[in-house]
Structure formats: structure tokens, C-alpha cells
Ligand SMILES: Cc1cc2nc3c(=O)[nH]c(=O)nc-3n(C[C@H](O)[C@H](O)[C@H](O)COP(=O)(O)O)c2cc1C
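A single chain comes next, written as C-alpha cells; it is the form predicted on its own.
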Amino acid sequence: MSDLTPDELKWVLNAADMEARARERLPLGAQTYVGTGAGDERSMADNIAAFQRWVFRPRALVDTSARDLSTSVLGRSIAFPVGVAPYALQRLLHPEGELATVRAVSAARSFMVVSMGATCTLEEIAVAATCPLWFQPYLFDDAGYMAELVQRAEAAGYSAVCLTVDSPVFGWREGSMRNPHILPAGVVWANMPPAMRVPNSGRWLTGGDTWRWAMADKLTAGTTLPLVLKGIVTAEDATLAVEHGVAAVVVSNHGGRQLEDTIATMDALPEVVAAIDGRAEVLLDGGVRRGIDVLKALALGARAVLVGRPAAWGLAAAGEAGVARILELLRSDLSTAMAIAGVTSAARVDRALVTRRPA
């Protein structure tokens, strides 16, 4: 099935609309890959529901006619506080894969985290980008190849290493067990160790469950790039992250794809922000579907958010244009929410803007 046309995209008004249109275009295995989580998928659902546990306290008679949505992440300016989260196998969803995504992100003047499981090489993605890029490696036991990947990212102009720490082993994903995805002919894991690049091999990285904090220190020692830890949901780990010199943490439970019944990211955000206490940047990933979600996360102390599934559905539905549409919907909804809530700057959102929903 062909990509959505511009006229059709005009009637996609939110992430749920895009998901519905994407599912029409994807085989069952690809739908399952994007749309399912671990166990009974309670964590996946709770990430979305957690935003409803916070409500706005909008201020009246504030001149918001000159709203500024821009901010920065790790010193790099972005037009609005929404980046694209790392997710693998983008050519499973669209022939142009990560290249389409990075072009859309670049046009939106945002930033993108590139998965180690990408179907384009780190260098190919960097050539197509005019936006900040972070490289996201998984935990695995080949220190030499890990160092090689990080060196390649640094040489290609990436601005951070975003180590995913919530995946020591592959999560229990029954949906994918029942309906495994099949990569199209010619599509490979472009940045995986050579023995794993063959599609549909059923193999995965090993040794992730042996990682300790000292190994993250060793990774940092081999690069000038700042280290970001993705998958932090407790004050204890946030404190350790600062002690080990990380530049930022991403409050994330892997979109509910790893450990069932992990705390929702919006519920974890306040304690992580308090523990970090301004000593590193804090981002949030998981459950963001609307611009109002972005504004709530900013109010609770996130500098920016990352979106995964909405961008994936956009890619599947219309390639670069679909990702661009998702980003524009989030940007427009955020701008509208700021105007009504009395917020003039996305980089300076007051914690007083939100409160827990009354029982």
C-alpha cells in the first residue's frame, strides 16, 4: 500500500489517527513489533495513563502572544522540546527507514537518537542529518566492538552516547513470539556485530546482564562524547548516574517493552528530577502522545521528551512526511496548550503549572 498523500495526512490529527492508518499498511509482524509490549502490556498502557494523573493549573491574563518553544539539549539548540527516541529496524516499516526519519527531524529542527539496531549505518544517517544525533548502544559483552561503534559515532559527528541500561536481556514479549516480524529482502542490522547482521537469524546480543557501573565508566573513558543513560526510573540510580559523571538521564521503561509493571515514566519523573537536582539534564520517554503531555513533562522538570511509537507509526504511514506530521502535531498542540495555560517559554515552565488529579 502506498504512503498517505498530503491531503490524507491533513486529516491525521493525532497519534492515534496515525497509528490506525499505519496499521492498514503493515503486515501483522511489523504491527506487533511496534505496537506491543512486555507481558500483559500493563506498563505500556500505564505510561499513557500516567499523564492523566496530572492536571493543569492554567494562569489567566498572561500575554502569551510571543511564545517561545525552543530549548536546548546538551548545549545544542532545538526548535521545540520533542526528539525522536531510538527504535530499531525502521526499514521494516518503510523502505527509506532511518533516512526518512532523520530528514523529517532535521526539517523540524529537533534531535534524534539513533538505535544500534538501525537498518542504515551510523554514517549514512549522519550524512542525511542536519540535526543533533545521539547514538544509542545496547548493553553487550564485546567491549572492542562497543568501542568501535562509539568511535564511529564520534567520527561521524554524533553529539552524545545514549546507553540503554534497562535491557540487560530481551524482555518477555509474547506478541512478538506469536507474530515474529520478517525483515524484507536486503534489510540488515547495519550496525550490529558482523555475525548478527543476517536478518531473521533469531540471535541477539549477549552479556548485557553482566554490566556494572564501572563498565559505563570505561565506556566514557574511551570517548569525548557526553554519556546519557536511558532507562533510569529511580532516585537511587539517578544519584549514582550523577556520581558517575553522566551528562543526562532519560526517564524511560523502554516503552513498556522490558519489565512488566515497571513504574510509569511520568510517575517516576519527579523523584528522578529531585535526585538529579540540576546536576545533569533530565529527559522523559514513554507514553507521550500529545502536546499537552509534553507540557506536563516540562512542568515536572524534564528538559525535553522523546517519542518512539508515534514516530514509528508516522514512518509506516507516510515515510518522511508521516514523521514530519507527527512532529508538527506535537509542536502545534504544545504551542496551543502554552497559550491557554499562560506559558511563554518551553524552557522555563513553572512546576506550579500542574498538580495531581484530585481523587
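Start at 1 and count along the sequence shown; that's the residue number. Being a predicted model, the structure only gives us computed values, none of them experimental.
Keep in mind that the form predicted in complex with the ligand is not shown, yet the notes after this line are about it.
For this session: Name the stretch: of 285-293, 139-147, 212-220, 72-80, exactly one has residues whose heavy atoms fall within 4.5 Å of the ligand in the predicted bound form.
Result: Result for this chain: 285-293.
Exercise. So in the predicted bound form, does Tyr33 come within 4.5 Å of the ligand, heavy atom to heavy atom?
Worked result: So Tyr33 counts as contacting the ligand.
Exercise. Within a 4.5 Å heavy atom cut-off, is Gly308 in contact with the ligand in the predicted bound form?
Worked result: Heavy-atom contact with the ligand at 4.5 Å: present for Gly308.
Problem set entry | 4.5 Å heavy atom contact, Val273 and the ligand in the predicted bound form | Flag for Val273 set to no.
Problem set entry | Residue contact check: Arg103 to the ligand in the predicted bound form, 4.5 Å heavy atom | No, Arg103 sits far enough from the ligand in the predicted bound form that none of its heavy atoms falls within 4.5 Å.
Exercise. Looking at the ligand in the predicted bound form, which residues in 144-167 have at least one heavy atom within 4.5 Å of it?
Worked result: The stretch touches the partner through Thr164 alone.
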